[in-house]
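In the form predicted alone, a lone chain appears below as structure tokens.
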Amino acid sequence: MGKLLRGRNDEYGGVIVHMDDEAMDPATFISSLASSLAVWKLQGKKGVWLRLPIQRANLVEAAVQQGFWYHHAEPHYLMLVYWLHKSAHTLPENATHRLGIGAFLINQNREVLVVQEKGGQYGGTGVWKLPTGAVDEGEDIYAAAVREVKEETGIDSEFIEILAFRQIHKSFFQKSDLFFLCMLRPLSFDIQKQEQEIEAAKWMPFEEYAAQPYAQKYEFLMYLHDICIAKIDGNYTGFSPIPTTSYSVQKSYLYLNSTEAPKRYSKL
């Protein structure tokens, strides 16, 4: 019998194995893994999570040969899983969504902050669009919106509300996509565009922005523009972030209509 792998029990009757400190050649690993699986099965364990750091990539083939399959990958490790129980597996699937934001900023002259991108779908087309970007891992939506505006245009801003959001499927690498339209209040107005990704940036009259042919082509964009106009005219209220806590000690944010919700918490 090979040396048993070190693992810790999870909350659902499974085992989590980190190979970060385990230096093994594939042959030794196969022997240890086979022995460990046999013991865990006798113990009544269900799922096995095997985390292989990038420096242990040579062990992937051996794990797959034992019946493991890919669950997810990060820059520094690969996670594989195995199901020991006789029942159909109940292991949670990998994360299925990507989060994106669009930033709506309007100045006192009823001009909206817009950019032209150097690459992507609208690169080189002359289309003016709202600053957009992806939410980083561990980053709150409101913080991502403020960051993206600063990175692309140099404008400092304050998050106000989520005005609307959209969900689509089979998007980036076949993942689902959640896009949040966020309203921010500009705190500065002198634009300093990002040279790497942004071709141009400026304040544009909102009516001129919304009248672009591309903006009139898609029902989704026309709906967003109607929401923005309603917000400008004071006829619409979105969702503001309220700091909250739950079963987790980590702080999170509940987005709600702050004008109609109970005044239990102070706004961000």
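What you are looking at is a predicted structure, and each value in this text was computed from that prediction instead of being measured. Throughout, we count residues from 1 along the sequence that is shown.
If you look for the form predicted together with a further copy of the same chain, you will not find it shown, but the lines that follow are about it.
Among heavy atoms of I191, none comes within 4.5 Å of a further copy of the same chain in the predicted complex. Among residues of the shown chain, Q43 is not one whose heavy atoms approach a further copy of the same chain to within 4.5 Å in the predicted complex.
Under a 4.5 angstroms non-hydrogen atom cutoff, a further copy of the same chain in the predicted complex has G138 among its neighbouring residues.
At the 4.5 Å threshold, heavy atoms of L187 stay clear of a further copy of the same chain in the predicted complex, well away from it.
K175 is the sole member of H85, K175, R110, K150 with a non-hydrogen atom within 4.5 Å of a further copy of the same chain in the predicted complex.
For the options T28, Q66, S35, N58, the one in contact with a further copy of the same chain in the predicted complex, meaning a heavy atom within 4.5 Å, is N58. Taking a 4.5 Å heavy atom cutoff to a further copy of the same chain in the predicted complex, the contacting residues in 215 to 233 are Y218, E219, F220, M222, Y223, L224, D226, I227, A230.
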